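Heads up, the chain below is alone and in the form predicted alone; it's given as structure tokens.
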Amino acid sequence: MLFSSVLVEKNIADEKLVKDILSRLPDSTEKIEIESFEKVFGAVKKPYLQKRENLNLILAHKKGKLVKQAPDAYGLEGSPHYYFVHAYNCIYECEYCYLQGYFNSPDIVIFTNRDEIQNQIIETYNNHKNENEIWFHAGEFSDSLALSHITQECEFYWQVFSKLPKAKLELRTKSANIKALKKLKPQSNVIVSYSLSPEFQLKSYDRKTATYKQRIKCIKELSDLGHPVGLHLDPIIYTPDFKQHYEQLFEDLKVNINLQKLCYISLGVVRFSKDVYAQLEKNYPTSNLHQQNFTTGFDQKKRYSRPLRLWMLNQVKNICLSYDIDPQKVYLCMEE
């Protein structure tokens, strides 16, 4: 992955982590010092698809709250869920991605103040001493593994969560970049969660990500090594034969892994905020997503009608259960 340039906040230019990241980039990458990323990132709106020709990397410190409470129905019920902000934006390009309508720039930002991230994770953990477990999620605003060969984040996460026995860390990804994970000893409280859709859907909507076969191969390799693995079957997109495609997906998984060992499976249907849908229309005017029968809800989000959503989710959930997956491991994501 080549960035057009890397922008570094002046006050962190001498930090070891910053120097380490820069050393892993090609020497030809232009390096520019800036006062603060807030004055550059999104200061002038940059078209989302400009990332295809001109994508910058920004190294910065994130001020303020780094660990935030996750929305309802974000993870398995019964435990508090938080996500932490370690990066903005993704090198991949999925037509349904909410990031295209979230920031005013597609440039990648990596936050290097990891000690502060660690301290806020530990503080949040200590505030939930009476809980049986507490979840932390990486990948809310970026892919957890896509740039891990540059950031060396996985090693950092392993060190932090090895000291937090009641904490669970979820690394959400669509990447085949698992080299770092293959070198790390599996930890029972660090779960790698792959977003997965039927093969035809990935080919239609997921650009530059790991392919269907690559993702299943990574799931197998990590599972064989003993790493806990979860699945996000999200977004589920309606076609008249979508059920058959998900049955094939589970058949493909079954020949590669022990399905009963999956930590959980989340199910979610495709959905768009008003701003994201406007960007979808602008960025992908010929997308098949425009042929979907969406309605606009009270919250201005576009999604299928509630009866259709629940029917679709139940169809896929029943497929999960037909493969003897514990129903307690299957949950509906972002569905009230």
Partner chain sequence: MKLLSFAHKNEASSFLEAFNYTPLAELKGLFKSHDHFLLITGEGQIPALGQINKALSLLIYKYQIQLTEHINMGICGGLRESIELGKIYRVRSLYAEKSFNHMQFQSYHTNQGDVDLVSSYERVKSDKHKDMLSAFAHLVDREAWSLARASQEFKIDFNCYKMVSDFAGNDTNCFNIQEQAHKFSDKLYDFYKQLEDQNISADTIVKSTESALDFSNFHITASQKNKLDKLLQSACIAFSKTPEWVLAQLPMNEIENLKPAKKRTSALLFELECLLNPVKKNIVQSMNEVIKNTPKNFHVNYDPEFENTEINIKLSLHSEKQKQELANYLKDFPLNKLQSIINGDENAI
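Remember, predicted model here, so these are calculated numbers, not experimental data. Numbering follows the first chain given and starts at 1.
Note that the form predicted together with its partner chain isn't included here; everything after this is about it.
**Q.** Heavy atom of each of Ser5, Asn54 and Tyr304 within 4.5 Å of its partner chain in the model of the complex
**A.** Heavy-atom distance to its partner chain in the model of the complex: all three under 4.5 Å.
**Q.** in the model of the complex, Arg309 touching its partner chain (heavy atom, 4.5 Å)
**A.** Although its partner chain is absent here, Arg309 would touch it in the model of the complex, with heavy atoms inside 4.5 Å.
Q.
Although the partner isn't part of this model, could you tell me whether Lys46 comes within 4.5 Å of its partner chain in the model of the complex, counting any heavy atom of the residue?
A. Contact with its partner chain, yes.
**Q.** its partner chain contact in the model of the complex: Tyr238, any heavy atom under 4.5 Å
**A.** Yes - in the model of the complex, heavy atoms of Tyr238 and its partner chain come within 4.5 Å of each other.
Q: May I ask you to state whether Asn104 is within 4.5 Å of its partner chain in the model of the complex, using heavy atom distances?
A: Yes, Asn104 is a contact residue.
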